[in-house]
Structure formats: structure tokens, C-alpha cells
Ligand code: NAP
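Shown below, as C-alpha cells, is a lone chain in the form predicted alone; questions about how it binds or moves come after it.
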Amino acid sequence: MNLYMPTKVFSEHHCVSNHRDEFKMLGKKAMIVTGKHSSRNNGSLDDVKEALAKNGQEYVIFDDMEENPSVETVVKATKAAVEEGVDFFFAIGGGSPMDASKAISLLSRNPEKLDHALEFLYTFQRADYYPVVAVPTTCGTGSEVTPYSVLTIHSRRTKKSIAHRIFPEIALMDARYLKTAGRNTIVNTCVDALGHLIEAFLCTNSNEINKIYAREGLRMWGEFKESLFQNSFSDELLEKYLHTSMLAGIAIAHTSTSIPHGLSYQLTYEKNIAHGRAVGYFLPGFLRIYEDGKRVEEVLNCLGFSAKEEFQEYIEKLIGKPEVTRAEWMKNVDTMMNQPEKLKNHPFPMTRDTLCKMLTV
């Protein structure tokens, strides 16, 4: 059995200010890692700045974080953090700043590794890192409660999680920060959470303990699935989206992800398709090829679907069908067949012919 959850989670309105005492002992100077716009628009950046100021803790802001952060951007932020004498990190935003902050905290603690950062990040070894506080402002990645840090590797034209496992010390979850997110962001990130839940429930590492998180998350996702077709979302819905995303994150923290996530990376890198949407394209096919029909039926029942075909119709209505040529798809299949770390998370032997059946192009 595998069960480990070291992140302290606070989920409530104004939790950044309510729990600012929690990060007084994390360090003297923080780097706030975020993007250019969303954290300013939703108020999360101001809340963190105010809390740090009240604590008497210094901070610097690195707001040059792109979507699907690259190793190069992580190195750039690390150099700034080392120069500023930073000793802990606040990650504000979606998966991009949260994943990147974990890698930056690791490199900042080990600055002698900067000259060969790629090798260090992707080689498992024991290494210290600085504390990370995560403030999610989307509802899909679950990075605030996972140890994963997925970065873009331009030299390999793909995305991959670093070899080190870094859980945030604290997750501060305030659904008010979702209010300024557009519908596409809400849908894409919720579909990402759905992928986490399905893959966690059906992957090799699932067991009766960690399936508790996935099962409850699937049930909640099924309760709100029709609301994702709306153009606006109530405070109650935003709370549900964020809570479900957290459950999905806890689920994959114990199991990792599987085939759909592995297939999504090439679509995101080569075609600039949003990560959650790219994952969603492969979920119907994943259920279709999965060999244990009873487990698939349990997933569908939790979500409120009577058959795999009904689930596929729903996904296609929600996010559309992937615009992928056959040549692109075959290249993706070949790439996936050479990723043993993802294939081993699928509990049945995977052949190229079986994988090809996951998408019709």
C-alpha cells in the first residue's frame, strides 16, 4: 500500500491571510512565481504580498512564467532567486507556476547544478530543496498536493516530470480566485482533473486506499458535469471544481498518471493544444481499450454514465474532436511506445495495435 500526503491544506475564502502564520517559519525571503496577468486580476497576488508584508518577510516577484514552463525558464528564475537570496517560494496560478516552483526550489538549493540543470533535474538522487507554498487559481492540475513538476524539454520536443519528488509545504485554496477564469480555462482544467481521476483509478498503482480519493472525485465530477456547458459559474460550483481538483491531485500523488497523459504531451507541444483538453481527447479511447470491464463500469457509474458510448458523446460535445492527422497520430503512438514509465502504469500489456485504437483519425 502506498499512502503519503505531507502537504498541509487550507481550503476556505481568505485562507492566505487567515493562515499567514503558517509560513512565518518557512524562510526570510520569498520568490513569488506567477504569470503576467491572472494573479493580478483575481487578487491572489495582492493577498500574498499583503500577508508576507504583515509577516515582515521580504519577497521578489518572478512573473515571466509561461504556460508549459520550460527548463530554460526554470533556470532563468533560479538564477534570479539565487542572486536575491531567496529561501522559500510562493507559486500562484495553475500547474505552470506550481510545477515550475518545485524545480526552481530544487535548483536554488543546489545552485552548483545550474550548469547541467537538465541532467540534474531528470536524474533521481537525494537533494534538498526550499519550501514551496502553492496557491492554485485554476481547478485541474492538482499540483498543490502532488510531488510532480512537469517541464517542457525543447531539445526533446516534449514535456516530462522531473525525477525528484517535491510536495508543497502548504496549499492555500481559495475558490474566489477562480472567478476571473474564463470558461475555456474552467473546462480545460476540469477535464484535466477528470483525466487524473480516471487514470488514478485504473492504473497499476491503484489500491483500495488511494482509490477512495479517486472514487469520491469521480462522484463529485459526475455531479457537476452538466454545469460545464454554462457560460458562468456560481460560487458553489467553483468550490466544487476546486475541491474535486484537489482530490484528483491527491489520487495521482499516490498512483501517477497513465496513458492519456503520456499521449497528451505531444499534442500540447506540437499543436499548442491546452493540456487538459489534450488529455480529454484520449479518455474515451482509454476506457474503450481497458481490459477490465468491471472497473470501467465503476468509473462510468461514479460519473453518472450508463455506457462508454455515452461518455464519449459527452466528451466530444464538451471539448470537440481532436484535429490530428494520421501521420501525427502514428508519430504519437510510436513516441508513447517508447515511454516505459507511462506504459508500466497501465496494468495490461500494451501493444502498438491496441494503442492505435485509442483514437480514430
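What you see is a predicted model; the values in this text were computed from it and never measured. Numbering starts at 1 and runs along the sequence shown.
The form predicted together with the named molecule exists for this protein as well; it is not shown, and the discussion that follows is about that form.
In the predicted complex, the named molecule stays beyond 4.5 Å of every heavy atom belonging to S101. Contact annotation: Y177 falls within 4.5 Å of the named molecule in the predicted complex, judged by heavy atom distances. At the 4.5 Å threshold, heavy atoms of P322 stay clear of the named molecule in the predicted complex, well away from it. Mapping the unseen interface onto this chain, G280 falls outside it, with no heavy atom inside 4.5 Å of the named molecule in the predicted complex. In summary, the region of this chain contacting the named molecule in the predicted complex, judged by heavy atoms within 4.5 Å and restricted to 80-88, 126-134, 211-219, 145-153, corresponds to 145-153. Here is the short version: of E297, E67, E310, E316, the single residue with a heavy atom within 4.5 Å of the named molecule in the predicted complex is E67. A heavy atom within 4.5 Å of the named molecule in the predicted complex is found for exactly one of R326, K28, K54, H37: H37. For the stretch 178-213, the set of residues having any non-hydrogen atom within 4.5 angstroms of the named molecule in the predicted complex comprises L178, T180, A181, T185, T189, D192, H196, in sequence order.
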